[in-house]
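Form predicted on its own, single chain, as structure tokens, below.
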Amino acid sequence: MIARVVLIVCAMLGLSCTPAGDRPHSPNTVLVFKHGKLSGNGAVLSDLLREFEKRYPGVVVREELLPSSSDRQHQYYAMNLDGGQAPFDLLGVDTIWAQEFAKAGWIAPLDTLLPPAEREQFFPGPIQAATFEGQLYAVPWYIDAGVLYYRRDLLERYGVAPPKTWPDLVHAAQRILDGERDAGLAGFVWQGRQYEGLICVALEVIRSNGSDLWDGDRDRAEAGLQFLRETVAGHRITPVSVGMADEESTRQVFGAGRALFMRNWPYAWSLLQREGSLVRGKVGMAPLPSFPGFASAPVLGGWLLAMPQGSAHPQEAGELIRFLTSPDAQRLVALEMGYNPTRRALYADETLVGARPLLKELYPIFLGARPRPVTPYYLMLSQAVQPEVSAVVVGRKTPHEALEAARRQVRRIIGNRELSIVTEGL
């Protein structure tokens, strides 16, 4: 596999026989690249970094991995960036962190690295997330959005189409579960633990009913929260253990053939289709359902690349950001690791789409993905409302009680005026 990756890098990037770039750089420069552990073949990214070193003799890139937990990554970055002397030169940033890091002065503006004309080549959502007070502070690395996975073989067996509405999903799940009574299937698994993933699920359901968690029509927002609770306690298509479920635990349940529908991110597709998977060739992917009369509302996810403020090697770090977010590098990572490019043109690339036909289906989903509130205070908002949404999921509060408390806390944190600004157009 490693040899194959090297050959692909050489052929597609054309870098191994290319002389070093004309831009000057410091000799014997060590760039430390901090990012969370990625799924898939880690040799692909490592080989890309070695190719970068060949292009810039004297520059060495040291890759240092952080835990896959985004909460732990954020904690590490906050502790190390706050002192002003970060022990790294490049970092992977969740789309919801860029505003916070920029306002705190932790990351450097990158306007000259990615001019406005080139930004139009990327999906608009990640660019919006990376822009603070008119300046760009990060470059989109790969993109995500919530999607619905389903057991294609079982839906075909019962003559059921992939659901377009939440009531359709409930009906399909109940019908198939009745027919597969002895199979030990769950109808619908999703991320219900008290963490950021739960907020994504709640937003997708509430927004697909014409409201929002932070603001908007209260009745529709409450109905969205009630739907989540009823999947557990009313329709009984979701196991009670959803209150402890995150992305990986739901993927493992679905991947073991024990669930009919799953809400997750696109990363799970390649893992479900790999050799040895119990559901390989039996899975389909579709946009998330909505309530009748409204559109699907997937939450935008993904990661950006940024540079610490006051970096000792800004030129070299900038070149590495450009390299890793270039069309050729993104194509390779999409082919070999399954991560989705942030450059829109790659979704029409014949080589890439031929190898990953699913990208055609993901393109409109990514275009329609809606960001969480683009504000430096987002993590405070999320942490304030997570206990309230969780209380609905496990049956400790009614949707009305939880929504009242959540919106009261949000306004206490940022006020009505700021809330109207950050939620405008979401």
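Position 1 is the first residue in the sequence shown; the rest follow in order. Remember, predicted model here, so these are calculated numbers, not experimental data.
Omitted from view is the form predicted in complex with ligand GLC, to which the following refers.
Notebook entry, point to check: Of these, 212, 319, 94, 222, which has a heavy atom no more than 4.5 Å from ligand GLC in the predicted complex?
Noted result: Partner contact (heavy atom, 4.5 Å) among the options: 94.
Notebook entry, point to check: Though ligand GLC is not shown, can you say which of 289, 302, 341, 125 has a heavy atom within 4.5 Å of it in the predicted complex?
Noted result: By the 4.5 Å criterion, the partner-contacting residue is 302.
Check: Hey, in the predicted complex, is residue 197 touching ligand GLC, heavy atoms inside 4.5 Å?
Finding: Contact with ligand GLC, yes.
Next item on the list: With heavy atoms only and a cut-off of 4.5 Å, decide whether residue 265 touches ligand GLC in the predicted complex.
Entry: Flag for residue 265 set to yes.
Check: With the cut-off set at 4.5 Å between non-hydrogen atoms, does residue 390 touch ligand GLC in the predicted complex?
Finding: No, residue 390 sits far enough from ligand GLC in the predicted complex that none of its heavy atoms falls within 4.5 Å.
Notebook entry, point to check: Looking at the partner-bound form in the predicted complex, is residue 247 within 4.5 Å of ligand GLC by any heavy atom?
Noted result: Although ligand GLC is absent here, residue 247 would touch it in the predicted complex, with heavy atoms inside 4.5 Å.
Item checked: Contact stretch among 204-212, 325-333, 163-171, 94-102 - heavy atom within 4.5 Å of ligand GLC in the predicted complex -> Only one stretch passes the 4.5 Å heavy-atom test: 94-102.
Margin query: With the partner left out here, which residues of 361-385 have a non-hydrogen atom within 4.5 Å of ligand GLC in the predicted complex?
Written below: Residue within 4.5 Å: 372, and no other.
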